[in-house]
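Next up: just one chain, as structure tokens, the form predicted alone.
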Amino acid sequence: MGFFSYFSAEELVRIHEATLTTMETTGLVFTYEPARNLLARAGCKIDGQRVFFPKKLVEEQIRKAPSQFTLYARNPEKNVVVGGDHIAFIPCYGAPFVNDMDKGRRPGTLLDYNNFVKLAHAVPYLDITGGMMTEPNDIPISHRNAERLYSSMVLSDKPFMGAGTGPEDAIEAMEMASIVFGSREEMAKKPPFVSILCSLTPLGFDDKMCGAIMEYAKAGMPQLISSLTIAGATGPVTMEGTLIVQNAEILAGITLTQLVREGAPVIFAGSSSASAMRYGTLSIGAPEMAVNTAATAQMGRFYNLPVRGGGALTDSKTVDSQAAYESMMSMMMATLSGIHFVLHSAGILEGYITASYEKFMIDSEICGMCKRIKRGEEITAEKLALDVIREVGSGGEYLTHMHTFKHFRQELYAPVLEERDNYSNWHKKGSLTMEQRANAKYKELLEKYTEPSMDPEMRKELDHYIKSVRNA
């Protein structure tokens, strides 16, 4: 399918040139000394903690990153290609709270995290098990990274997200993954997970993010180099100015990865949006979020890199009409503009703060719809159906025609939650709202969940590892 373009080719060049000028003359702060030392050796000017990037260096380094790579699942049938004409949906990330119709809003627990892993495993439209889908507040902080990774590898056989919380956790992620997927050298060839590392906007990177970026790059592990610049708060109030800040941060991070290890897989990851000026807060349900998604997709294509953006994003505090229209706006823009990696595709409420069980299921339906749209069409004689049209003629019907029976399962999306029956039958079934059907569906999936098989020796070693963490 063709992609929606927000800027012209000439405008993209102007944005690129303005980004490079910002990197060269304003520079970015890197608090992590090993990163500054590496950048200095590559030709960057250093003034204290501020790094000034030569234009030529940035353009040379970003060309070294691959335009496409594959994430290798425990189940090979669930491998995920990132880049090209592909789109991958990944559920919620980073929510400290959870919400459902039965218990309301509350701090997330390890049980909630495990439930979301199971749901992400069960839903066919979600391609990658989420990272920190909710914070397991009931266990020590020192245990959380290992517990999340253990659950992601044991309870699902899809690719997963690694640690995005610092170099120590990055090393732990690779240690645990190597139990299942082989040595670091093997994982560099067939990476099983991807991690997200973020800038400290505006125009900076802190020690934790830099340290993790360099650890993952050294091992050849894929990572999202991500910027969330807030128009009117951490970036200029104009979306063009915010895009410059976002671009500069992402390109600086990608330059660093390629200096650590040439060819290390990266995703150009933009998630910038607008400030709700009346309240001084981030708004992820704003139309400016969709604007940035479209612009980010174009910049990713401009640099020939896989690109992240969008998601089922909303500022709503509950699963309501606002949550629905904001989420679909963002997901459709990601689909139509050519985004490859859609984080937060299911479950997010309240501007990243809460993960909702019911919204997880509703958003999964949105993912299915978007995948149908993304699939596009193929013009063939069979699909043009001229013979069928001639045969049915004027005033006939296609419902009972063999052509319909032959193709309808492949051609027409079949919703899981949507109510398409007539009013009378809907009423007889209990007049259930979408939220009620979603509540029942997530419970049904958890009840029917079956843990995917794992090699007994791998499981034994993983169990031993997590036991040592819990007893530490």
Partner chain sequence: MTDLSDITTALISGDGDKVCRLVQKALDQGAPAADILNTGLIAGMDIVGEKMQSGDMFIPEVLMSAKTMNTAVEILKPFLSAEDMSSAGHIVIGTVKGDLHDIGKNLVSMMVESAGFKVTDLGVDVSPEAFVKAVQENKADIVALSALLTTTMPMMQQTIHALVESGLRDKVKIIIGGAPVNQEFADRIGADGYASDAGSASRLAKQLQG
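It should be emphasised that the depicted structure is a prediction, and the values quoted were computed from it without experimental measurement. Positions refer to the first chain, counted from 1.
The next section is about a form of this same protein that is not shown, the form predicted in complex with its partner chain.
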item: Contact residue in the model of the complex, from 329, 336, 200, 122 (heavy atom within 4.5 Å of its partner chain); value: 200
item: Contact residue in the model of the complex, chosen from 103, 278, 390, 383 - any heavy atom within 4.5 Å of its partner chain; value: 278
item: Proximity of residue 239 to its partner chain in the model of the complex, heavy atoms at 4.5 Å; value: no
item: is_contact(residue 233, its partner chain) in the model of the complex, heavy atom dist at most 4.5 Å; value: yes
item: Interface membership of residue 206, its partner chain in the model of the complex, 4.5 Å heavy atom rule; value: yes
item: Non-hydrogen atom contact residue 141 with its partner chain in the model of the complex at 4.5 angstroms; value: yes
item: Interface segment, criterion being heavy atoms within 4.5 Å of its partner chain in the model of the complex, picked from 89-97, 122-130, 68-76, 340-348; value: 89-97
item: In the model of the complex: members of 330-358 within 4.5 Å of its partner chain, any heavy atom; value: 353
